[in-house]
Structures are given as C-alpha cells and as structure tokens.
Ligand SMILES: Nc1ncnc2c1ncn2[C@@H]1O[C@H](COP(=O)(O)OP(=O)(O)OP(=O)(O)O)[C@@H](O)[C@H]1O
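Here you get one chain, nothing else, as structure tokens; it is the form predicted on its own.
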Amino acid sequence: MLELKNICFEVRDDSGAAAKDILRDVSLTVDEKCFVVITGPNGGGKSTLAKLIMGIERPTQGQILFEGRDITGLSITERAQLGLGFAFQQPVRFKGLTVQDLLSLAAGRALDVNSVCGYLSEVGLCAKDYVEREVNGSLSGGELKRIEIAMQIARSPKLSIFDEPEAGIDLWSFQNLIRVFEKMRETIKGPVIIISHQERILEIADRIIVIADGRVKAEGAKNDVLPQLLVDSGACDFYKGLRI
C-alpha cells in the first residue's frame, strides 16, 4: 500500500551553508488495513515523516510509493486525490464555516443533517449540539480533534494519517479519543498511521515503528516492540509522565 525507500530530509540554516539531517535513510512499508503507530522521542523526526508522506514537505533523497505508484513529486492536492488523508497536530479553525459545511467538504458532496449526525455520533459527539456550530474558537481542542476524525471518516481515504492527535487535549477528551480510535481500528477500510508517544495509543496498534535521531530504531508487531520500549532505560525516561 505505502512504501518509503531510503528517505532522507535535511534543512539548512538561514545562510544556506550548514545542513541538519532530520531523517536519514528511512525505509518502511505500511500494508492494507494495518493500524500503525509511529513513536519515538521528541525531535526524532516523527512529524516530519508524516508531512513527507502527505507532501507537505519534500524529501531530500528517496522515494515514496503509494499503491505501487511513485508519488514523491506529487503535491498535497494530488496525493489527497489519490486517497491520502491527513489530520494536523493542531486542527485548523474556520470562522464562518459550520461543522455541517466542513463535513460536506470532506465528503465531496452536500451532506444532509442525518448524514452529518451519523458521522458525529461515530466520534462520540451529540450531533444536535454541533451540526450548526462554527468551526472556530468556541470549540475546545478535544472537540476539534473529534470533528477532524469525523472528517476523515466522511472522506473515507485509502490511507489516514494523524499527527499527534492527543496534543493539547485534556484527560477527559483523551479518554474519548482512545475510544474513537478503538472503534476506528475495527471499522476502518484502509490503513491508519498515528504519530504518538502515548502508551494508550500504542496499545491499540497492530504495528509499532520507532523513529529516533532520524532513523528507524525498531519496528514490528505491537507485542514484540512495546514491551521492549517499556523496559529499555531510554524508553522509560521517554515515557515517564506520559501514561494516561
């Protein structure tokens, strides 16, 4: 489904002279109907990798294949048209745009109230309280996260990417978010990639990929990778205070 071959990404300072490696020779595959969590310490390159897959950034070297097609040079729009979906770490707010409007845009067609209610119910929101709400500052971080997930469900992409969905939300919203992802894991049609360092999210993965210092440090089935993460001395420091 998705294959990354020898991906490298570097950034240069303002003078353009010095380069810093963010990702170095990253290769991995994501199969159909696989629930993948990419984890690792902050600054290791996780979110950059997600942006490269979606086309928000372009790799310095390497190749990205989706369904056997080379998409390395394609734009965000072209990748979205092929079926890639992306949920930002900080969802965008749209003053003047209602939740119904936003879900209709995601679905690519005008949705009636019943359809919108169905999608909102899937993410645990009381539909009648949100259909006509504007997607603005009146919504909490947890509400925005769930609406963004509802957008992904309405759009039904072939591949869904979520960049640190737990960022900036409270404990109550996080518990609801876990339930939404557990349900999505059971019903989603295509593979899901989540960038996260929360143990609760790691526990619902089929496969875990660990990115640190710009490289793939470990990858495999959850039952093989997660126990080592939790006992390794470096990983224990990494997870300290993050379990919810």
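Given the structure is predicted, the values throughout are model-derived calculations rather than measurements. Numbering starts at 1 and runs along the sequence shown. Each form is matched to the other, and the largest set of C-alpha atoms that superpose within 1.5 Å is called the rigid core.
Note that the form predicted together with this ligand isn't included here; everything after this is about it.
K.L.:
Counting only heavy atoms and a 4.5 Å cutoff, which of 47-55, 175-183, 29-37, 200-208 contacts this ligand in the predicted bound form?
P.N.:
Partner-contacting stretch among the options: 47-55.
K.L.:
So in the predicted bound form, does residue 230 come within 4.5 Å of this ligand, heavy atom to heavy atom?
P.N.:
Residue 230 lies outside the contact set for this ligand.
K.L.:
Is it the case that residue 75, even though its partner is missing from this view, gets within 4.5 Å of this ligand in the predicted bound form, heavy atoms only?
P.N.:
Residue-level check for residue 75: no, no contact with this ligand.
K.L.:
Residue 11 versus this ligand, in the predicted bound form: is there a non-hydrogen atom within 4.5 Å?
P.N.:
Flag for residue 11 set to yes.
K.L.:
In the predicted bound form, does residue 41 come within 4.5 Å of this ligand, counting heavy atoms only?
P.N.:
Contact with this ligand, yes.
K.L.:
Can you pick the one in 122, 101, 164, 143 that has a heavy atom within 4.5 Å of this ligand in the predicted bound form?
P.N.:
Of 122, 101, 164, 143, the residue with a heavy atom within 4.5 Å of this ligand in the predicted bound form is 164.
K.L.:
Which one, 115, 136, 156, 89, lies within 4.5 Å of this ligand in the predicted bound form by heavy atoms?
P.N.:
It is 89 that has a heavy atom within 4.5 Å of the partner.
K.L.:
With both forms fitted on the core, check whether the Cα of residue 167 differs by 2 Å or more between the shown form and the other one.
P.N.:
Where the cores coincide, residue 167 still shows a C-alpha shift between the shown form and the other one that is 2 Å or more.
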